[in-house]
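A single chain comes next, written as structure tokens; it is the form predicted alone.
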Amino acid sequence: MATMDDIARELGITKGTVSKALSGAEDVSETTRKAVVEKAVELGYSRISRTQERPRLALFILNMSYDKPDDFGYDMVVGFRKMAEPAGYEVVIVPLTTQMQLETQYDEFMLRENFRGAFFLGMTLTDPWMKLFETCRTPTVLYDNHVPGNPNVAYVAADNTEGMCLAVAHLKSLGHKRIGYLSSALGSYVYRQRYAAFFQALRENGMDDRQTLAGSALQTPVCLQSHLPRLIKEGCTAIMCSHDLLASSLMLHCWELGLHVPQDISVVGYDDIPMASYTSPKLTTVRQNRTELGKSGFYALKSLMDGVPISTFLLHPQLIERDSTAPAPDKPAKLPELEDAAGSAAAAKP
């Protein structure tokens, strides 16, 4: 394990300066502090004391619930801990905020808190640390986010391309000839990837792949109200959604419009969250095994810590067929004509 003497020798400075830089002393310049931190990470320096029994791993979580078994991140946390803790690591869950990312540099935080590596859940493309991952020296694994070019960073996910192919092929086998796609805003890597994978699946299955067959929006009500009527008018008999919560809201919105799922229109979700088997009708979806994803996060992180520059770790998804998909109707559905309440009331007057 590298020492402060090693860092000082590499940089041509005193051990005292190294100590001050690592402790955040104010009389050390930002340039020197940054150089010391980068060299410390590069050499594998750790501030773990001799009495500390287990090396620490950080499990950063933001934009994702994880406390209860029904929460999306719960199984991933369990899977990661199942592999890391028996291997001798202490896993520390770190709730991450934007403010925290703005206040400190990633490598510096990891060194200061004695973390050997990290697994991230819930990051978006706009998070401040995403830019730092391009050059960071700390072994880092990202779930559903890909940072190319840095041998210290790996990407773990279920194979979204394969998942979309499974869903589209299923709908095609039921006789659907035109499939629409609804997504949350394309501000995350995973939603962009699923969007592109959907159109790739359409092309591979020889189906209509016009860009007008898709719509996205930040807020679910806006997405449904803006794009669902258009997709129905386009003749879509099935709708693929970027995630299960959107698919569940879509089915409720169809009911409100007088459309029946799956008789008038089939719906497919993505992720197979626990509620997917309790919706009405039960939701056909693409499952990603979140416990195995958590385990894979540790496998990838251990590889990076052992000097193996693993890049991408993809798991096979599984199509879960339930009640929200059925053979395509003979004719595409039409939106029921909404009665003008004011006109109706006026006509009813004597």
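These figures come from a predicted structure and were not determined experimentally. For every residue, the number given is its place in the sequence shown, counted from 1.
The form predicted in complex with another copy of the chain exists for this protein as well; it is not shown, and the discussion that follows is about that form.
Student: Would another copy of the chain be touched by all three of P69, S277 and E321 in the model of the complex, meaning a heavy atom each within 4.5 Å?
Tutor: Judged in the model of the complex, none of P69, S277 and E321 sits within 4.5 Å of another copy of the chain.
Student: Given the stretches 90 to 98, 242 to 250, 143 to 151, 71 to 79, which is the single one in contact with another copy of the chain in the model of the complex, using a heavy atom cutoff of 4.5 Å?
Tutor: Checking each option against the 4.5 Å cut-off leaves 143 to 151.
Student: Considering non-hydrogen atoms and a 4.5 Å limit, does another copy of the chain approach E42 in the model of the complex?
Tutor: No - in the model of the complex, heavy atoms of E42 and another copy of the chain never come within 4.5 Å of each other.
Student: Is there a heavy atom of I310 no more than 4.5 Å from a heavy atom of another copy of the chain in the model of the complex?
Tutor: Contact with another copy of the chain, yes.
Student: Using 4.5 Å between non-hydrogen atoms, is E292 touching another copy of the chain in the model of the complex?
Tutor: E292 belongs to the contact set for another copy of the chain.
Student: Contact with another copy of the chain in the model of the complex for L314, defined as at least one heavy atom pair within 4.5 Å: yes or no?
Tutor: Contact check for L314: yes, within 4.5 Å of another copy of the chain in the model of the complex.
Student: Which residue, D159, E85, E234, D208, has a heavy atom that falls within 4.5 Å of another copy of the chain in the model of the complex?
Tutor: Contact check passes for D159.
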